[in-house]
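Given next, in structure tokens, is a single chain: the form predicted on its own.
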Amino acid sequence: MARIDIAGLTKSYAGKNAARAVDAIDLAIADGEVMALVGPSGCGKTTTLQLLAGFLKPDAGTITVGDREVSSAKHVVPPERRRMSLIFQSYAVWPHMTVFDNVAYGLRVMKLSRSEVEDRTREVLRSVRMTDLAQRYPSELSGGQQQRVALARAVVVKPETLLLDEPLSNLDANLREEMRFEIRRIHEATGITMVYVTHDQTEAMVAADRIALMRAGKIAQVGTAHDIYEKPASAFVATFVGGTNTLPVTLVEPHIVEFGGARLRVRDDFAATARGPVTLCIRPHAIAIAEVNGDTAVGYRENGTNRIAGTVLRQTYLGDARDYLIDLGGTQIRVAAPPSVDRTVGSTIHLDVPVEACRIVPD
């Protein structure tokens, strides 16, 4: 295992007016940590992983593993000398080899003794729960089982670092959920430093200790899943992780914004000081559809909530919830309501939002 330090890492691809795929990023990954690189397509996460693996040479910056510099603009240690294993989107298991031989292959290349190859292979197969399938061929396995073989083959050579490039993207929803926890369990058993690239925020939140959220070649925010969800550094982060409603509002005094002619109170921790246009973020599940009994006043209420009014544009029954799209006079927001709350399209409704759920974030 090893600590990874990325400093000023930069990579551009050839072409007219080519933008930087990775734009001077800094990132420290602790020994034994699982770091997820997350972001939309084209944000630079896969390029960063390829730079870590040694497949690409950086234009600037360095990558240091432990006390050894493995990448710079002047020198790149080749992939086979980095003590790293890489798992791709495709399972990349050899179809003509059994499960046992797939996993043992790397040990045989290392020219270990037959007994050590067999012992280490059996041990890893036990850890991924594939012992009973050791003599099967990949064509006889499910997608999840093949991905376990790929994991076992990567781990059995005892790398310092395990790199995973969207390893679950080819699995169905149920298998993806199962394998998220499987990867986490294997990490807890081995303690290997892992760098995990995914566009799936839930996958990252389950598997990783920390998340680096990328956008346009830069790192937008680094933190635990809780930190990024509860304390987003920007509207982009808030929208990408967990989904949120963003409302254009005006800050009229500290912790007070104006929207649609009503004054709303926002939480204290990220309140801006300069008056003027700001962005208000509210998570859909934090909004309650109010039962109005004659009191239709909107704005901040003394019970610690803000009330706003809107019109139902769409509602979808999802079994455990109803997904509403509400028009607030030109701005649309999503509301996640209990399945028992049934409002017709076109009706006017009132929404109650706790002050604690109202957060100002930088644009």
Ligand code: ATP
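Throughout, we count residues from 1 along the sequence that is shown. All figures in this text were calculated on a predicted structure; none of them were measured in a lab.
Beyond the structure shown, there is the form predicted in complex with the ligand, which is absent from this document and is the topic of what follows.
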Would N306 show up as a contact with the ligand in the predicted bound form if we use heavy atoms at 4.5 Å?
no
Taking any heavy atom pair closer than or equal to 4.5 Å as contact, tell me whether C43 reaches the ligand in the predicted bound form.
yes
When the contact criterion is heavy atoms within 4.5 Å, does V353 count as touching the ligand in the predicted bound form?
no
Even though the partner isn't displayed, in the predicted bound form is A21 close enough to the ligand, meaning a heavy atom within 4.5 Å?
yes
TL;DR on 314-322, 35-43, 296-304, 327-335: the one with heavy atoms within 4.5 Å of the ligand in the predicted bound form is 35-43
So which residues in 245-267, when you check the ligand in the predicted bound form, have a heavy atom no farther than 4.5 Å from it?
none
